[in-house]
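Only one chain is shown below, in structure tokens, and it's the form predicted on its own.
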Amino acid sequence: MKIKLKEMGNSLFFSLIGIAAILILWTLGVKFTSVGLLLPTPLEVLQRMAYTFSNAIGRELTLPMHLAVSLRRVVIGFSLASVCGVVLGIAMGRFRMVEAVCKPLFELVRPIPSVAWIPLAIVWFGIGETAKTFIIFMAGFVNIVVNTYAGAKQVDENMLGVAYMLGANEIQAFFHVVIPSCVPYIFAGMQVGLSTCWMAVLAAEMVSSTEGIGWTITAGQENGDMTQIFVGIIAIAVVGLLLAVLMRWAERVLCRWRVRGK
């Protein structure tokens, strides 16, 4: 335990050193080179970020409000993608008929990047929330299906045989053998899917929106406000990191049976 805490402390220490080095180089570059014509200093970005926590960007919404709008969209799209992706991935992995019908269609959709759906989403659903939900859904859906399908294919058939020998029926074997075997793969897909959903909502908001953190970057570009652009970028990075940490924590809590040792 002490060794693990020491390793975590060292990792945090060197991470802070890396961040500090970037900030120092950024500041020096802005102060003493022509980069200063294009970039604000880190201090200016932090001051603006603090200002936008209590003052509106645009007409009414502060920075936390814009982040809340984007997160609400991600939660809706990601939830739908998770449910549909897990169901389809397990169905394709465990039932040959479903795999034969759905896999060729899925392989056609799989290589399409989420941003490529933006024009079609606008044509099909307009520029409202439905279009954004569809774009987010497609971004997460593909990754979740891929990983869940791989997990369903990796189920140990010997374990299923043992379950049947012990008297389990099809439903019991499914919930006590297939699902637990797929859970690590499902979480891996959901972690990647959540990140892609976050990127997708930002892209959607940059194209057609009047609110959200992606819109704040576009508004900064239109106004030539580089500081606001950096505020949006940093907010995106911080929230993306927090979402990744949240998913890893959820996996540790829900998959304690996978942890070996202390």
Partner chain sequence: MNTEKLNTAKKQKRKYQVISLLSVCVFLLVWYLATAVFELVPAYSLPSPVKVLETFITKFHSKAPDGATLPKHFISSLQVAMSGYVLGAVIGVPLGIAMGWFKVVDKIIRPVFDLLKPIPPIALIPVMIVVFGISLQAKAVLIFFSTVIPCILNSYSGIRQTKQIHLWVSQTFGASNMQMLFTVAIPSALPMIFAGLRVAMGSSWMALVAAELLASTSGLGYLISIGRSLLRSDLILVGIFSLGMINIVITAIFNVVEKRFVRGGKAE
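For clarity, every value in this text was computed on a predicted model and none was experimentally measured. Under this definition, the rigid core comprises the largest set of C-alpha atoms superposing within 1.5 Å between the forms. Residue numbers count along the first chain shown, from 1.
This protein has a second form, the form predicted in complex with its partner chain, left out of what is shown; the following refers to that one.
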property: 4.5 Å heavy atom contact, Leu38 and its partner chain in the predicted bound form; result: yes
property: Pro111: touches its partner chain in the predicted bound form, heavy atom cutoff 4.5 angstroms; result: yes
property: is_contact(Thr196, its partner chain) in the predicted bound form, heavy atom dist at most 4.5 Å; result: yes
property: Distance check, Thr27 to its partner chain in the predicted bound form, heavy atom within 4.5 Å; result: no
property: Stretch in contact in the predicted bound form with its partner chain, which is absent here, among 100 to 108, 72 to 80, 85 to 93, 145 to 153 (heavy atoms within 4.5 Å); result: 100 to 108
property: Candidate from Ile57, Met206, Val45, Met65 lying within 4.5 Å of its partner chain in the predicted bound form - any heavy atom; result: Met206
property: Heavy atom of each of Trp117, Trp124 and Ile236 within 4.5 Å of its partner chain in the predicted bound form; result: yes
property: Partner contacts in the predicted bound form for 45 to 80 (non-hydrogen atom within 4.5 angstroms of its partner chain); result: none
property: Rigid-core frame, C-alpha of Ile17, shift of 2 angstroms or more between this form and the one not shown; result: yes
